[in-house]
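Below you'll find only one chain, the form predicted on its own, shown as structure tokens.
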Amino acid sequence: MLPSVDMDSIIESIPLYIRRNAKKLSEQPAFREKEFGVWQTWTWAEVDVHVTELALGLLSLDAKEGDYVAVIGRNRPHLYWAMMAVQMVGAVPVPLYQDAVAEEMKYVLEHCGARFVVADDQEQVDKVLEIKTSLPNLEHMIYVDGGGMRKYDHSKLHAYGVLQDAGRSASQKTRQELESRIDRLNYDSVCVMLYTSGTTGKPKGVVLSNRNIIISSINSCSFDNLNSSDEILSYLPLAWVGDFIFSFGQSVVGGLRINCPESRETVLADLREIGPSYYFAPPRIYESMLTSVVLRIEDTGRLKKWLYNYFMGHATMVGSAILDGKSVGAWARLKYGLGEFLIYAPLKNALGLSRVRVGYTAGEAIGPEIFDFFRSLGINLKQLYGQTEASVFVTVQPDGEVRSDTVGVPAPDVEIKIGDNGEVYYRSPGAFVEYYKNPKSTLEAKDADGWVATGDAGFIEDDTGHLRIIDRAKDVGKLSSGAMFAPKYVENKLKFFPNILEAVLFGANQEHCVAFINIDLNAVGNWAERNNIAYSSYQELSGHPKVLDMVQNHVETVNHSISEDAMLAGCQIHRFIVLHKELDADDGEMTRTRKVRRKIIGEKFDDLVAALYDGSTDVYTETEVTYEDGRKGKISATLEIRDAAFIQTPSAVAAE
């Protein structure tokens, strides 16, 4: 077993870590992938061979140091190996989101000037071929799965396996050239370029060096004692910095075992089979898990429902304390042990979380109720705060200091300060090199002393040193009364309810706040079936009077909660609309990481915003939508506008 790494064992490039693993962990599993219902396994020694052969194959196509190589597809070993091989030849991997449409890919491929594309299958190849005439730098495409491409022009299209065959027959001169390139790699060599989600504009290419990725991975592995006995499930987008750190950086540096699911549809089933010891998921995944639990309990018999409610009530009181090693009475501990046998263990097993030693969530705020639910089961779920530009880690939560209302303390080797405007700044070894081809934005984000502006507003607690994030700094504004407007804070409170999937708050420079709301079709649909409410579409269900009543109850509950916060009491929601369609990345309303594009939504639905403020009781609207096959169409609806009860407090009245 490889122990958790430390600074004494530093190696200055990812390819050299692969070589180290091939020697020290040679016969230990490195990658697993489920294909046709069977788990395939590759050891670290086999991985080194596969990667080296592919790197030699790339040299046969005249891959040069500094080239940019796009990698597109789902999580699978061959694409992780492709990124490793690209690094071996001194080129730069640029992973793209597999569900991006051709036009979105076009921007990234043009911007980075990719000479090569490594694609998973025909779907991804077709998207690139659709825009190939706009990509003068693109010379070669490599595909993993050749299904459906037998009649394609293969003059510049290469099968992954065939390229490896070329690598196996490479000359001694080519092999020496590869070794020379690996030897030239160091801390300052570019490790990867990852594009931001583009919440407010075009995505920016974030250049991260070997130093950024390796030291961040070393520090985070040491922080949580991660080592080669730990397993992860790699299912989040390759283009997201979290996956690159967890499934690539930490896994290579710490020797973790990487498990790739068969498909998106089988992720939860594969999670149960693997039982990872190290698990990361954004809040929406944990929310989905809890929603599924609640729905299943609703469908059980009276005795099981009573047992669940009884023992979960007890877990809520003592579960987190037991997890943190705090003193708990003997009877409470005994009852918790009985609950573990009857409820908690079977539930964790059903969710695939039985073996989780360290679990993380980040990306958005997670609801306290959701966070506490998983910790009460004995799952060591923690929050971290980070961004692409930080190589993920800005803050982490040490064991024993885990809370739902903060994002923890500075990660190892990270410094944090709060600007005069409340914006959070950090300085760390993981801080990015630059934004590619964008020196202006680089200078705006990172100063000469290495301090990086996060764009988030927050404060550090005096007594604990923990960081609390309020909202995006650009989104924090004022109501016309001068009261604070912090939309994300309110939106996250609304999304704590399983029935609410998304929420968008408006109110900057206005007298009061209004909101758009998306229902969760699975949760509300299940509720509708139990209550004999018939519906044929999302649009019909979202406009049903009883659904509107349910949402109104949630909104007013949130208003009551917000009213207790003197600083944010003015952010209570006066009026709201339940949208007739789900906000969708294909329609430009969200990023591929499911962050709402507030400005775009406000402009696209300006008629609805106007109706919320002019006193209308309903509004007719037509909206362009993108169907799954890429076709455009229009849907129309008359939406009911609801008023929500406003809790009168001194702060709230002042806001009015």
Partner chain sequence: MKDTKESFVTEDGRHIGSVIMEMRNITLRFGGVVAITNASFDIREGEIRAIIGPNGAGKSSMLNVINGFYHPQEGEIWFRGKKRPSLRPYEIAEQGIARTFQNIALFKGMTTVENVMTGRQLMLKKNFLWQLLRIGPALDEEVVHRRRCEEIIDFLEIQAIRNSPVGSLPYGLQKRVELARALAMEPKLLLLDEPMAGMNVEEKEDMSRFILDVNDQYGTTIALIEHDMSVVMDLADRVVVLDYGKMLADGTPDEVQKNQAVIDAYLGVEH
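Positions refer to the first chain, counted from 1. On a predicted model such as this, the values are computed, not experimentally measured, just so you know.
Separately, the form predicted in complex with its partner chain exists; it is not shown, and the next lines address it.
Here the chain stands by itself, but in the predicted bound form one stretch of 99-107, 259-267, 492-500, 461-469, 259-267, has heavy atoms within 4.5 Å of its partner chain.
At least one heavy atom of residue 147 is located within 4.5 Å of its partner chain in the predicted bound form. In the predicted bound form, its partner chain stays beyond 4.5 Å of every heavy atom belonging to residue 302. Its partner chain is not shown here, and in the predicted bound form it never comes within 4.5 Å of any heavy atom of residue 594. Although the partner is absent here, residue 631 sits close enough that one of its heavy atoms falls within 4.5 Å of its partner chain in the predicted bound form. Residues from 19-34 that approach its partner chain in the predicted bound form with a non-hydrogen atom within 4.5 Å are limited to 34.
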